[in-house]
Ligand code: SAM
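This document starts with one chain, in the form predicted on its own, laid out as structure tokens.
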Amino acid sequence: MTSPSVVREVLAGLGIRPLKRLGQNFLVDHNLRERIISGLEIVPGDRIVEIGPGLGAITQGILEKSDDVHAIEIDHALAAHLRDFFGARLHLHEGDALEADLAALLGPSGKLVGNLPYYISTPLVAAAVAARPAIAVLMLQSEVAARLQAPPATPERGALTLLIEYAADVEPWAKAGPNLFYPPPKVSSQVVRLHPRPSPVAAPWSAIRPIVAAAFQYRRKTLGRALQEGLGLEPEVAAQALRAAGIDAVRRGETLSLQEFGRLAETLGRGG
């Protein structure tokens, strides 16, 4: 596709310096670009939404396959470059992806792609899952990608893990070392594909979410104590709910399966 020196020269010509605070690391590897685009399985008529197009490397490849491409770019200088380079072919939305209505942009069957900035990757993944794209192909810091499929009783397991288990299947798609970007990040990356699916539990996420939040906010405490402190339950109420759900009160939240959180939500009758 290009080389780090070429990207550096292009950025210099545009008067742009990569901003660490925005997590700007520009893809320079052709094979990884093609792997990402192939993961979208684009067919004529598909709407594609891209988060953080940067200089437009992936964008250009997507536009070769779809004429309904939307991109969200927060950097004003990069947004100006994208407008000049792609013109009306690209529907550009300048602003923060965390403030965008992804569900509205995607419509009923849109697909999502993005090299997510490390500093906001967790809330962006959560927003992406909530928007339910037909397929999401996301570049994440390897540590974040590991959290998406972390099994119970592991330190990587957290609230994001449970949300993914509730709403989507995760497919590891490609690994990306620092040398594939300019400037090279200090961490390795992982590309994953997310496929939305029906939840495996009956309780709605609105009922499960506050319990998960309490469990992981107080993850060093027993579940009984976490429910008391995180949800404001009286000790006996927390103990009765855990007994009714068949969960030992001395366990910690990271050891629970999604199904156990679901049973606990039903027992407490929260949300929904």
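For clarity, every value in this text was computed on a predicted model and none was experimentally measured. Numbers for residues come from their place in the sequence shown, where the first is 1.
Heads up, the form predicted together with the ligand isn't pictured, but that's what we're talking about next.
Undergrad: With a 4.5 Å heavy atom cut-off, would you call P152 a contact of the ligand in the predicted bound form?
TA: Because no heavy atom of P152 falls inside 4.5 Å of the ligand in the predicted bound form, the answer is no.
Undergrad: Would you classify D75 as touching the ligand in the predicted bound form, given a 4.5 Å non-hydrogen atom cut-off?
TA: Residue-level check for D75: yes, a contact with the ligand.
Undergrad: Does G95 reach the ligand in the predicted bound form, with heavy atoms at most 4.5 Å apart?
TA: G95: yes, in contact with the ligand in the predicted bound form.
Undergrad: Would A57 show up as a contact with the ligand in the predicted bound form if we use heavy atoms at 4.5 Å?
TA: Flag for A57 set to yes.
Undergrad: Which of A203, I211, L27, A238 has a heavy atom within 4.5 Å of the ligand in the predicted bound form?
TA: Partner contact (heavy atom, 4.5 Å) among the options: L27.
Undergrad: Considering the ligand in the predicted bound form, find the one stretch among 101-109, 194-202, 166-174, 75-83 with heavy atoms no farther than 4.5 Å from it.
TA: That would be 75-83.
Undergrad: Going by the ligand in the predicted bound form, which residues of 116-140 come within 4.5 Å of it through any heavy atom?
TA: In sequence order, L116, P117, Y119, I120 come within 4.5 Å of the partner.
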